[in-house]
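In structure tokens, one chain follows: the form predicted on its own.
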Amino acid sequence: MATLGAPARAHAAPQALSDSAAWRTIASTLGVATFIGVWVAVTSLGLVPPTFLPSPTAVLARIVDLTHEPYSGSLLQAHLLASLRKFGLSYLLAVVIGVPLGLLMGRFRFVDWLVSPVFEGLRFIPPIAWVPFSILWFGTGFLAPTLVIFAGAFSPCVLNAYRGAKLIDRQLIEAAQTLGARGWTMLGQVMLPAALPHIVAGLRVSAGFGWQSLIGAELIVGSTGLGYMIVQGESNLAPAVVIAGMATIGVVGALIDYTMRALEDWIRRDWGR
């Protein structure tokens, strides 16, 4: 009876997973449809003036216009590309510096003692508070938001790498040391793979904080990017432009998060085996 039940259970597991995915898709679609429906109802019934909240069709038409009519000196896709370039540069720096630092802090007590007091103080400073220093150091050009993005993305990289290093099985470290692993070899070939699931989880959180910090910085300083476009739309009393910029920010942020979530799931499945 046990041998007959095993295939049935093996068949039931994928079916349950499929049903769960289907219900998740239905629920997600229903949530989006409800949100848009309420928006349409509010604007159609005149509960809110169009100067404060334009209709979804008006916003969609404005997004289409922005893709071939420059606004604040650039097309929508050019503003998006500028924001992505700033985000990519700062996020890469946060990962390259933060992950090794977290691993070193988790591996060596002296490094932990040396860095933790400064890091614990700096990580509670809101990223937007670095805007004045960004202006002083980089002016108002392309590099102005980089320090703000770095501040938002850096802490999750360090914290999750540190946590991953602390949770590595001590016997694995001792076995590697017995085989002669030292220094960067220990860090790159033993600790990094062992802590990778935690590191990737931190990279996902870091990407979200970095993207939010970028837009916050562009709202205050900068001459290109989605945040700058939103500010110009507000100055020109163009709510459709403001919402178009916000929608673009939300969609791109969700795509970044879904990409990082897929990477995190793949790493966990691969390392689980």
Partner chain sequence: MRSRASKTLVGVLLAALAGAGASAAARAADPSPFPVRVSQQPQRWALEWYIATQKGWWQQLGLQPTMVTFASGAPQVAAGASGSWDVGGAGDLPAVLGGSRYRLQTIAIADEEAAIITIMATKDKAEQYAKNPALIKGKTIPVTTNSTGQWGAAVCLEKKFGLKPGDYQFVNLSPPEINAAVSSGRYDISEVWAPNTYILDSTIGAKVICDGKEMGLPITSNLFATPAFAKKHPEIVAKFLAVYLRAVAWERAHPKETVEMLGAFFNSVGVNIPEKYLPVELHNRPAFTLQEQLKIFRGSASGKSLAADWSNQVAQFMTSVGVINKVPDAKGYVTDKYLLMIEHDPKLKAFAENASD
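Positions refer to the first chain, counted from 1. Owing to the predicted nature of the structure, the values given are computational and were not obtained by experimental measurement.
Another form exists, predicted together with its partner chain; not displayed. Remarks below refer to it.
Comment: 134-142 is the region of 92-100, 75-83, 191-199, 134-142 lying near its partner chain in the predicted bound form, near meaning a non-hydrogen atom within 4.5 Å. Although the partner is absent here, residue 234 sits close enough that one of its heavy atoms falls within 4.5 Å of its partner chain in the predicted bound form. Residue contact check for residue 55: none of its heavy atoms lie within 4.5 Å of its partner chain in the predicted bound form.
In the predicted bound form, its partner chain stays beyond 4.5 Å of every heavy atom belonging to residue 87. Contact check for residue 150: no non-hydrogen atom falls within 4.5 Å of its partner chain in the predicted bound form.
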